[in-house]
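Consider the single chain below, provided in C-alpha cells and representing the form predicted alone.
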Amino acid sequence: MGKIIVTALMAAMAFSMPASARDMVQVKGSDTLINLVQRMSEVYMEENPGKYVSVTGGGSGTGIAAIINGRCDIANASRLIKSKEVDLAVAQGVDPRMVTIAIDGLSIIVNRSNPVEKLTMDQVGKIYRGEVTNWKDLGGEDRKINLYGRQPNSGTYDFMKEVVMNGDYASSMKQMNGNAQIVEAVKVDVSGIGYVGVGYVKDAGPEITVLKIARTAGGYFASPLVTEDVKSGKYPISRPLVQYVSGTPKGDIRSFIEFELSPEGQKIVEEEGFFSLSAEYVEYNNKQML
C-alpha cells in the first residue's frame, strides 16, 4: 500500500512538469493497462533503487496526446495510433515507436443470472449498435438489454467500434470511466452486458459470466480465458496492448521497457490475467528497440 501511495504522490507532483525536467519515467494512458503497468513499476522500483516510474491513466487517447505533446515518456494504449495522430506527432518532431507488452482477450461479460453463454461477433455488434435490444432474441429471457461501455477517449471504446461493431454505439449505452466500473455495473444488473480487458475478469468473482465468442455463425466459440484460443487468434477479439515512445528508447525509459519485456515482466503480465507475448511480438519489439 505504501508503494502505491508513493507512486500516486510522485504522479501528482510530476503532472505539471515537462518530461525533460523530471527525474522519473512518466507513463500515461490506457485504463486497461494501468493496473498492470503500475504493478510492473512497483516491482521495477523495488529492484532498482533510485529509479522512479510514475503511472497514471486517462485513456489511450490521453496517453497518445501526452507523448505527442511531450507530457509523458511512455504512452499506454489499448489501440493502435491513428494516422492523424502520427501526423500530429511528426509535426511536433516526435517519432512514435510502438512496443507490445501484453496480449489481451477483450472479454464480453454478462450477469451470472443471464442464461446466455455465447454470442457471435455479429450479434455483439448488433447489441452495441442498438439493433438487438432484448435478450429473448439471443436465447435469453424477455428482458431489455442494458449496455455498458467506455468513454470516447478510451482505446477499448475505439477498438470495439472499429473491430467488432463496424458502426456507431447506441445512444442508450452507459459510458463508464473504466473497466472496473463496467464489471461492478454488470454484477448488479441482470440485464447488463459490458466489455473489459481480460485482466479485469480474473478476480471478478462468480457474479459475472465471460461469454464465448465465435467469429461467424456456425464457427468455433472461443473463450478469452483460454490461452491457446487467444494466442492462436481463435478468439476473435484478441488484441495487443502497447506502449508508444518517441524514437528509440534510451536511458531509464529503455530500462523500464526492457523490464516489462523480460521474463520477470512477462510473468507479471500473466499474474495480472493477461497473456505474455508470442514469438512474433518479441521479434517485432526487438526491431523497435534498435
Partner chain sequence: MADKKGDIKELLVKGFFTLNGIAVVLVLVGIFTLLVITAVPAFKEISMKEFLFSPDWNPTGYDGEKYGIVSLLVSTALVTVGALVIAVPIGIGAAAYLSDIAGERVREIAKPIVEILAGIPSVVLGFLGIVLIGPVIAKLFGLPNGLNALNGSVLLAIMALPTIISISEDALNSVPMSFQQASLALGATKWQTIALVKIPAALSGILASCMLGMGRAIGETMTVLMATGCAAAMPHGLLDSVRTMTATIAIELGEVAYGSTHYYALFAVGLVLFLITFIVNMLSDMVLRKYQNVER
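Residue numbers count along the first chain shown, from 1. Nothing here was measured: the structure is a model prediction, and the numbers come from that model.
Same protein, other form: the form predicted in complex with the partner chain, not shown, and the subject of what follows.
K.L.:
For the partner chain, considered in the model of the complex: do all three of 88, 181 and 191 come within 4.5 Å of it, counting heavy atoms only?
P.N.:
All three within 4.5 Å in the model of the complex.
K.L.:
Report whether the minimum heavy atom distance between residue 134 and the partner chain in the model of the complex is within 4.5 Å.
P.N.:
Judged by the heavy-atom cut-off of 4.5 Å, residue 134 is well away from the partner chain in the model of the complex.
K.L.:
With the partner left out of view, is residue 117 within 4.5 angstroms of the partner chain in the model of the complex by any non-hydrogen atom?
P.N.:
Flag for residue 117 set to no.
K.L.:
Is the gap between residue 112 and the partner chain in the model of the complex 4.5 Å or less for some heavy atom pair?
P.N.:
No, residue 112 sits far enough from the partner chain in the model of the complex that none of its heavy atoms falls within 4.5 Å.
K.L.:
Examine residue 126 and determine whether its closest non-hydrogen atom to the partner chain in the model of the complex is within 4.5 angstroms.
P.N.:
Residue 126 lies outside the contact set for the partner chain.
K.L.:
Heavy atoms within 4.5 Å of the partner chain in the model of the complex: which stretch among 150-158, 118-126, 93-101, 194-202?
P.N.:
In the other structure, the partner sits against 150-158.
K.L.:
Ok, 219, 130, 167, 139: which has a heavy atom sitting within 4.5 Å of the partner chain in the model of the complex?
P.N.:
Among 219, 130, 167, 139, a heavy atom within 4.5 Å of the partner chain in the model of the complex occurs only for 167.
K.L.:
Could you spot which one of 208, 211, 80, 173 gets a heavy atom to within 4.5 Å of the partner chain in the model of the complex?
P.N.:
Exactly one residue meets the criterion: 173.
K.L.:
Going by the partner chain in the model of the complex, which residues of 45-78 come within 4.5 Å of it through any heavy atom?
P.N.:
61, 62, 65, 69, 71, in sequence order.
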